[in-house]
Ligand SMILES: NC(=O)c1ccc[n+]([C@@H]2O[C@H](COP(=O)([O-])OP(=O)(O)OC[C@H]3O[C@@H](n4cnc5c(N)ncnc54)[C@H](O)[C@@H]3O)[C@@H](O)[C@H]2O)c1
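Encoded as structure tokens, the following chain is the form predicted alone, with no partner shown.
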């Protein structure tokens, strides 16, 4: 099991220079964690190269981006995209003439989900077909990179691929019950996870979230050797999640969102980084704090642990530095509601005995219970209800701070990593804000 190892000291400034390269393996959509990486790389003067998952036509055919899509994607990235489809996973793979997993799931009615099961041989073949396609296309991307990256350059490959929910409506119906359900709509995550459809989901998470990192390390071996021979350095980073240390009851305490079903794949990702590190490759998984994004909206309640970041900033960076942030956050709240009330409500949830009896680092990730789901979802709704406008949220402002801060910590922490797996907790993020590396984040 991975040792819980929070990064204690701010990293020294990395050796990346203007003209070096950051390569995002995974497409950048909207605003999220990877934006912080891109912004910090650009501030250094690094060249930003992106990739795309491609798009599916109506008949299911995977294709590169068309010219309009490519222009839009490059505008979002602010850099060049190598237009080779790097869609990961196997849910759209047709095997031996049989319909794909996604196609077969279209026929499943909501009341039939518990009886769904797939033949192990079929799934194994589908996984192999999807991984072969991905690795073939990844080799093409690496071939293009070999032409683009000149001798003497330093390169950071940043793995930004995650998720893996098979594309079928039945999943969204079930996952809404697992992550957002209470009362009659509650669904045990353990019951779902141990079902045939849950095991399918697990295999998909492993392939998309974790195994693509292994494929990246393997496929870039030749390029890595060439860069090293020319005097350059190659580093690899990946986004992890394995709980976060936040202030609860006045002390920093590890906590986690429940139920985080991708957690098993995230641990697999950690194992891959540890194996690479043991073989001399500088590869690091950075376990980042929770944020609220479009992709995390399914995990209602994940945002609650963001609120204590305000208290961490007050403690670690000082009241004067925290004051403008606190004023912005207070302005988002309804008349008669104070920021202190909001922070107290979030702390009460995080300190709840209901969570205390479930959370255990050694047994992570934990499954939900009906009592825990009720508590989390009601607490989330109460905190959201304190705002004037649901489009202007305190947790969105705090998410911006987190993704900018983690981007800087990952860029600079990847140069001389202290371990293959590290945690970027709230105390470190708060301390970064008073350091030169954190300039302008608040």
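Residue numbers count along the first chain shown, from 1. Here the structure is a predicted model, which means the values were calculated and not measured.
Note that the form predicted together with the ligand isn't included here; everything after this is about it.
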Practice item. Answer with one of 142, 234, 162, 265: the residue that has a non-hydrogen atom within 4.5 Å of the ligand in the model of the complex. Key: 162
Check your understanding: Of 276, 208, 350, 313, which residue is found within 4.5 angstroms of the ligand in the model of the complex when only non-hydrogen atoms are counted?
Key -> 208
Practice item. Flag residue 29 as yes or no: does it have a non-hydrogen atom within 4.5 angstroms of any non-hydrogen atom of the ligand in the model of the complex? Key: yes
Practice item. Verify the contact flag for residue 365: yes if a non-hydrogen atom of it lies within 4.5 Å of a non-hydrogen atom of the ligand in the model of the complex, no if not. Key: no
Check your understanding: Taking 4.5 angstroms as the cut-off for heavy atoms, does residue 357 touch the ligand in the model of the complex?
Key -> no
Review point. At the 4.5 Å heavy atom threshold, is residue 87 in contact with the ligand in the model of the complex?
Key: yes
**Study point:** Within 4.5 Å of the ligand in the model of the complex, all of 53, 239 and 290 (non-hydrogen atom)
**Key:** yes
Practice item. Among 373 to 381, 413 to 421, 60 to 68, 32 to 40, mark the stretch whose residues have heavy atoms within 4.5 Å of the ligand in the model of the complex. Key: 32 to 40
